[in-house]
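This document starts with two versions of one protein chain, written out as structure tokens and named structure 1 and structure 2.
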Structure 1
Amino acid sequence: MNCPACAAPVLPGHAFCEQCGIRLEGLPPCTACGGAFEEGYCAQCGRRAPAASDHVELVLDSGSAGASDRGLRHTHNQDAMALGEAEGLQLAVVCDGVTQSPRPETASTLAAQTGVTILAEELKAGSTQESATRAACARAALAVAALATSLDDAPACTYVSAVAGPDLVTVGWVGDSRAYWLPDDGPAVLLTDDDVASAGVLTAWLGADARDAGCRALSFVPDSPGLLMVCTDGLWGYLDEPVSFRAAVPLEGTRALVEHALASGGRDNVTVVLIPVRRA
């Protein structure tokens, strides 16, 4: 037997494919024609089967939620996100694989996971939000750099992290993935500053071929309840400024935002995380 999505051999009775991670039972039929998938492609119209990373949604008990989608124009989802909690603080990292680099999805997945793990460790060890933010970004950068076999074979990604509590919010970033503060009352505030030269030309990223620009970080004290939004350019490229987005339920919010990006053109992968910030 072979995985319907990636054709890797699978053992009967297994729930997930070990190669691509997709759920083996109940892989939804082809969205183009309703056909079933066979060894990676639709047996009717030939369309490529969706990968497990094509569309991902995450929700935590705390109310933090994220959604990531391949978009309409790319074959793979090179974005990645990771969510977490530590010391009563909400944690999130969102990364966007640099398409021109090799294995960008490996870079973004590793950076997001490393980022959240190190944020949690540092905060538990008593670091301040800002020093935890810098330490996590530095470790993610080392991990991505270690993926390279040479300077010409260096996977790369952008990075944006969030540590959010009722008293203090800290964001850190490298590249052009963004964080916004969306207070319940009042206009949205862009917290990050894109590391780009001109439209679309990155000046900072994580990867062995990046010059060590270091992580940029910003902290602020929220003066009202609101939502912290962390996202890739696949979303913010389709948002009107200033963002006036509101959502009572974060998951519905992330899904609506992703759908907005897809409906507007979906030229890129799109990833968004929403973290509710309010006093207990």
Structure 2
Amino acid sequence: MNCPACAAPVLPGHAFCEQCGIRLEGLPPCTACGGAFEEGYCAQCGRRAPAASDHVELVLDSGSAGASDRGLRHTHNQDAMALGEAEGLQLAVVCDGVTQSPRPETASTLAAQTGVTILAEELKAGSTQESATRAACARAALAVAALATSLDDAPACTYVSAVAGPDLVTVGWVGDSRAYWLPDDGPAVLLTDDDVASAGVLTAWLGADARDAGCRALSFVPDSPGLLMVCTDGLWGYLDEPVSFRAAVPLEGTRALVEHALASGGRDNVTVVLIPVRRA
């Protein structure tokens, strides 16, 4: 018996595939033709079966939440996100795989997981938020660069991280994924600035072929409660006013933002994390 989505061997009676995580029972028919999926593809039209990474939601007890979706035009999700907590601080990393590079989803997943892991280790060791942010980004850059077999086979991704506490917020970034501060009262504040080139032109990224993977970082003291938002361009390309999506429950906010991107065209993968920031 094989998984209908990824074709990995599965045991009778198992509810989920151990390889790709998709639910084995109740896999919906192909959305293109209504056919059944076999060994990863529609037996009727050849369309790829949905994967567990097509839509992912994460929630922490602290209230941080994230949602990532394949979008309407890509065949798979090249974005990745990771959430964590350390020393009473909330952590998040969001990465967007560079479509023109090989294995972009591998790069984004590795960078997000490495980033959150190193953030937590550095903060527990006593590093400042900005030092931890730069160290985590540097380690993520090394990890992604090590995936390359040559400069012509160099996976790549963008990177944006957040460390949020009641008294200080720090973001770090390489590439055009963004971070916003959404105060409970007042307009949204864009915190990152690697997206100043023409639309679709990437000026910085993580990867063996990156010209400069130096992390940029910014810290600020929040003067009111609010939400810290980190996201990929699959979302911010459709946002005119992010504060209109403020939500008391961050998970509901991330779902509304993803739905907004899909309703607006969904031309790219969509990933967003919302972190509540409340004064101590």
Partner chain sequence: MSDFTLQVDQHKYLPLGGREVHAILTVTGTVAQAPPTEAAEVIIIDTSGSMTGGKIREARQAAKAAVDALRDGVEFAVISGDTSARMVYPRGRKLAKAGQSTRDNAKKAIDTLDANGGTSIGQWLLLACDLLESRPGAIRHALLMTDGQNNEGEEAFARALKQCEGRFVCDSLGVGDDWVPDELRKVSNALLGAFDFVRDQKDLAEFFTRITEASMGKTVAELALRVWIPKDATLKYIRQVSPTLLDLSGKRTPVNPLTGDYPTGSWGAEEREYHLCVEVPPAAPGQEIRAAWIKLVRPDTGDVHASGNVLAHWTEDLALSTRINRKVAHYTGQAELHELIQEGLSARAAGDTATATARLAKAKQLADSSGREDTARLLAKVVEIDPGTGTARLRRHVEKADEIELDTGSTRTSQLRQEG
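Bear in mind the structure is a predicted one, so any value in this text is a computation, not a measurement. Numbers follow structure 1, counted from its first residue as 1. Note that the rigid core is defined as the largest set of C-alphas that superpose within 1.5 Å between two forms.
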Between 1 and 2, where do we have the form predicted on its own?
2
If we fit on the core, is the Cα of Ala51 displaced 2 Å or more between structure 1 and structure 2?
no
With both forms fit on the core, is the shift of the CA atom of Cys42 between structure 1 and structure 2 2 Å or larger?
yes
